[in-house]
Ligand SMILES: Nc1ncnc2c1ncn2[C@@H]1O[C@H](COP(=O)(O)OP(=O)(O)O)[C@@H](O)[C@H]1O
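Next up: just one chain, as structure tokens, the form predicted alone.
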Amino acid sequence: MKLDQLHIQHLRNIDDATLEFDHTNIFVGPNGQGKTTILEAIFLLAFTKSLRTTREKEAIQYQKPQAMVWGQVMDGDYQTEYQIILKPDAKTTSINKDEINKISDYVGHVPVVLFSPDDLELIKGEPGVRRRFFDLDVGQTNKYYLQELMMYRQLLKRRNDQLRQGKANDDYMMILTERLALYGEQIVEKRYEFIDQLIPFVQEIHAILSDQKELITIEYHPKYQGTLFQDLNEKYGMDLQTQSTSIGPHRDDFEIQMNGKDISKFGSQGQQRTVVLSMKLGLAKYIESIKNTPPLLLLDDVFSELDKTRMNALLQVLPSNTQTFITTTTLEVVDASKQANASIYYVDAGKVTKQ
């Protein structure tokens, strides 16, 4: 898969830019000039979501009515156009100019894997950060997961609304709880399947990055013990007091372990960063194995965060068949051979100039 062209309008500090891409693309410039906005535009094109905020309207340029991202993608011999329009109170998505109303029918067409310095929160951050990682990436490879997740969130909102109103455990609440449990258990099952399929790819990458010294595993911890429906009923009194649903996949967490220990507690900063890199590059290989096409790889200022040894190891494991987009403040941290085969763009005050 290859993103041939990208058109950005009124997205953050980029007013208007049309870019044509090669296999490796490097964006150079000081911080705050718009390099990450280019990656954000590609991320939007893939997920319909911002990589920086859950409120996409914040990405619209000040005093502009909307922002737009358009991309032309080649997958084998097939050329497809994708477009996202963001407005303060709405968002529209289209494929080949046909509007797509369901997110589950859009996400997954342009697979993307992003690594940025903020991804260390995958280890150190709150459980919601880890859930978002898994939800986005399971959704790239399984549209039914996205459908189930959306239904689960709708049912969860209805149940919480009932709890806030102090409703008794009547027939309507029982029906809501039963349906919530049904979708919840399907989500949990697919998360387990995803981890089982992903982890061999992560372990293969990490063995190279750690010189065979570290073994990575991922433990999934659902917040219920028996069946979800039974446990939700048992927790009903507590949920009524707190006015929220206390268990289910919206509360679950994942633990990333290195040599059998929680890396958030026992891993160094360098080890944690390397584990996240392994997870992202392993994810890229996993997606390729499912879709028979490599995802787009977005690397946001990652080289400046690594020492020389880990940087060289990363360059060795970057998949050669994957179109890559790299941001950096200086070309000095990028391997000379990668520069020689790359398109280089200078970004300054939202203006993008190809070398």
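Residue numbers run from 1 along the displayed sequence. None of these values were measured; they are calculated from a predicted model.
Note that the form predicted together with the ligand isn't included here; everything after this is about it.
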What is the one choice in T48, Q323, Q66, Q33 with a heavy atom within 4.5 Å of the ligand in the predicted bound form? Q33
Sort through A313, A59, I26, I42 and report the residue having a heavy atom within 4.5 Å of the ligand in the predicted bound form. A59
Stretch in contact in the predicted bound form with the ligand, which is absent here, among 66 to 74, 315 to 323, 288 to 296, 50 to 58 (heavy atoms within 4.5 Å): 50 to 58
Taking heavy atoms and a 4.5 Å cut-off, does N13 contact the ligand in the predicted bound form? yes
